[in-house]
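So this first bit is one chain, no partners, the form predicted alone, shown in structure tokens.
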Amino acid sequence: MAEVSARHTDLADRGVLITGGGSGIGAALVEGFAAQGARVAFIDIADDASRGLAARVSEKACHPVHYLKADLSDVAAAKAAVDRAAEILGSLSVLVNNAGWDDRHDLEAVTEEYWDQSQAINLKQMFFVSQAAVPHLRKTGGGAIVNFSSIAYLLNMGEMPAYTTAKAGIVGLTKSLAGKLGPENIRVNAILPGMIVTERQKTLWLKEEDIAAMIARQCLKRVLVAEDLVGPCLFLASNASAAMTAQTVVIDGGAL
């Protein structure tokens, strides 16, 4: 399980739902919340990896970790999965909107179908998952939503216009939800990761020279990994950030 340097005792026994929790950053988050004693469920579509993760983490966690399979771009399926997670966990206090699809695409090659698919996976689902989670958060007297955006939209990256548009939109969504839900003691913040080197990234996109170039740009001269996002996410989900909402937290090693 992912090691954490801080204990957030208020997260113990709280219901936590993480989207895209089967691998990469999401898997690190599942392990991190489980290590805090939270009751954790996650949504993904990758069966083998997700089932394996749930079984492995459950062996060491205080509570069993639950995997729910759903295509988040299907709004009805996403909402049903959220309701099922709340039912399994008994309550829901924290939602982590981590799921996304960072596919590269040329400007000239983007079709209307591709654009809509990218927005459905990266932005649209985040709103409807949040919408479905809010009634459950209200029942617990408040809670926290943590949305994962990216610094990609701030870097003028030309090879992913649909993705970066969605990631910019997540910041707007975060601030709007924070304004709406704040009076009900539901806090909404966003995390903007920098270059997080996962196995998927290395397999599909990142070459050694790409990683070296980003490290040279960063103040911290090391590779950033999924576990680097666990602490900030726990902080935003916990009472340690009780007066913090509508904010964006950049975790990029000082690249910006």
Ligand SMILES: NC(=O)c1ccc[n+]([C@@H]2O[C@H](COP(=O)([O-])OP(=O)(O)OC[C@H]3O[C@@H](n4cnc5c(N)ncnc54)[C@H](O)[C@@H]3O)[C@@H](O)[C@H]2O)c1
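A quick note: this is a predicted structure, and the numbers were derived from the prediction, not measured. In this text, residue numbers run from 1 along the sequence as written.
There is another form of this protein, the form predicted together with the ligand, and it is not shown here; the text below is about that form.
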{"query": "Contact test in the model of the complex: Ser58 vs the ligand, heavy atoms, 4.5 Å", "finding": "no"}
{"query": "In the model of the complex, Leu72 touching the ligand (heavy atom, 4.5 Å)", "finding": "yes"}
{"query": "Ser149 within 4.5 Å of the ligand in the model of the complex, heavy atoms", "finding": "yes"}
{"query": "Distance check, Ser93 to the ligand in the model of the complex, heavy atom within 4.5 Å", "finding": "no"}
{"query": "Partner-proximal stretch of 33-41, 58-66, 209-217, 193-201 relative to the ligand in the model of the complex, 4.5 angstroms, heavy atom", "finding": "193-201"}
{"query": "Of Ala99, Val82, Ala144, Ala166, the one that lies within 4.5 Å of the ligand in the model of the complex (heavy atoms)", "finding": "Ala99"}
{"query": "The unique member of Ile121, Ala162, Leu137, Ala86 whose heavy atoms fall within 4.5 Å of the ligand in the model of the complex", "finding": "Ile121"}
{"query": "Within 4.5 Å of the ligand in the model of the complex: residues from 7-27 (heavy atom criterion)", "finding": "Gly20, Gly22, Ser23, Gly24, Ile25, Gly26"}
